[in-house]
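The chain below stands alone, shown as structure tokens; this is the form predicted on its own.
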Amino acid sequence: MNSFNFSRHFLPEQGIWLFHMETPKFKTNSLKCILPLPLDFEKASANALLPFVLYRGSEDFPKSIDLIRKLEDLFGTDLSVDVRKRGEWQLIDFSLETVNSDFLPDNNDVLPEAIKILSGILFKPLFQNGGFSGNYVDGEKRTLEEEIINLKNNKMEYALERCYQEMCQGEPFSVFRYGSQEKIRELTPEGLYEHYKRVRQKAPIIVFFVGDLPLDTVKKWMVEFFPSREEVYEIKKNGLEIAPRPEKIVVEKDSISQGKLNIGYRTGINRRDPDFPALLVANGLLGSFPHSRLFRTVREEYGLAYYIFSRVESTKGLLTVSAGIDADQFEETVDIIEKEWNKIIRGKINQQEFEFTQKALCSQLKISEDNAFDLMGIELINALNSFGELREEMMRKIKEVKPVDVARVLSRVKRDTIYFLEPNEEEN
């Protein structure tokens, strides 16, 4: 079975959406457990801290070293946690990977034991003195604060995050995936545990499985190891539209030698929109690839940018152009980007760059077949967008896009915010 598409199943008692792909392609069985939580300034820091504290200790494995040793005993099973952001969702992410039983002595299947461990981390946490372990909470709070501080050191990502914050003021999307230092410092072991009890009971769970095991087997383990829950909320759509408002330019200074330009656009399009494949092609023509228009003009022809690219946030419906430039080239760079944008709208697209873009987008989707977690990542975005097209269907639609579709889509897109992080000349 090599279609590389997931079958989708709902387990109502557990509140679990199970996405299953049976394939002999990989030597491992891979499983990802996602808890999608609505982005909220007041709760984001607690949501971000939670998985790292849960991972530190459970009833079955009170110390991290106990868990590490157990995973090693299960032939080097890998279990990791993370927090991500997609649209206006904050995603608590547990990833699990075990060796396929065909490659183990006596066909020893370690996956059920690994799933049981994962369930224990989620639903049987270490409880001390009315809350989580104070030492674990304090340690993970320090680590999370350091992650927020480190964002400022990555100037490219920091500038993009600041662009999103300015662009989406008052919207959940403006919240950073780890919350804020101020809110992290307010968290207590008792308060975090009370928050955990609400998440445990109400958050939907999305489970992805890729491996050489039939659906009935994986479903049986989900029912066996994950508890029944009530009052699980639905996965709701993200907000796209906002009231029209004037463009704004935000300029900030920092101790950098190279300016960071980010231009944010509202597309009004996400994966549920029939125009989404055309938006992907438009973004590819504009700035996703080495052959894209902005790379060839702004960087190679005019020599204005150290780097330049565009990207689509397909759940929130945003498009951004990012560039590293000298401070005195700000206006010229913005002007050239706008001219190239308008050329595409007027249909000034040659056949070769158009076909290159379609092939490159389809190649990206095809390459995902080589990595189980890449396959899960694509399906996760579909799940958060009311279960969009399967990969083969998306590739077909990309191939059907015409230049007139690209022009129509880009004409819908509205420039919202220009953010520029410029060098502080006095410090330099």
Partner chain sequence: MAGLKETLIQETPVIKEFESGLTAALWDIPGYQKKYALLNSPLGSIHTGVEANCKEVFIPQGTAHFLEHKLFADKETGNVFDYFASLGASCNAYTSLVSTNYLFSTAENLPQCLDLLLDFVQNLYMTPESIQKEKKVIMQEISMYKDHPGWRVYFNLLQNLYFKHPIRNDIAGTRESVQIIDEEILRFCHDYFYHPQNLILAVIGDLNIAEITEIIAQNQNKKDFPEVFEFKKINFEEPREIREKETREKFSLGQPIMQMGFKVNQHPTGGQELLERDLAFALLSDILFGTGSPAFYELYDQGLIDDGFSAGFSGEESFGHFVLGGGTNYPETLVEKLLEILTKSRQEGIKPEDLERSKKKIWGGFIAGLNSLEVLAGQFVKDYRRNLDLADHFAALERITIGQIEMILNEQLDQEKSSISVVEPRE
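Residue numbers count along the first chain shown, from 1. As the structure is a computational prediction, the values presented were derived from the model and not from experiment.
The form predicted in complex with the partner chain exists for this protein as well; it is not shown, and the discussion that follows is about that form.
- Contact annotation: of the candidates L160, V99, L126, I344, the single residue with a non-hydrogen atom within 4.5 angstroms of the partner chain in the predicted complex is V99.
- Checked against the partner chain in the predicted complex, the residues K152, K339, R245, K220 give one hit for a heavy atom within 4.5 Å, which is K152.
- Only one of 166-174, 225-233, 249-257, 275-283 places residue heavy atoms within 4.5 angstroms of the partner chain in the predicted complex, namely 249-257.
- A residue is said to contact a partner when one of its heavy atoms sits within 4.5 Å of a partner heavy atom; E400 fails this definition for the partner chain in the predicted complex, lying far away.
- Although the partner is absent here, R299 is a contact residue: one of its heavy atoms lies within 4.5 angstroms of the partner chain in the predicted complex.
- Contact check for D370: a non-hydrogen atom falls within 4.5 Å of the partner chain in the predicted complex.
- When the partner chain is considered in the predicted complex, P112 lies well away from it, no heavy atom lying within 4.5 Å.
- Residues of 75-106 that come within 4.5 Å of the partner chain in the predicted complex, judged by any heavy atom, are F75, G76, E97, V99, D102, F103, L104, P105 in sequence order.
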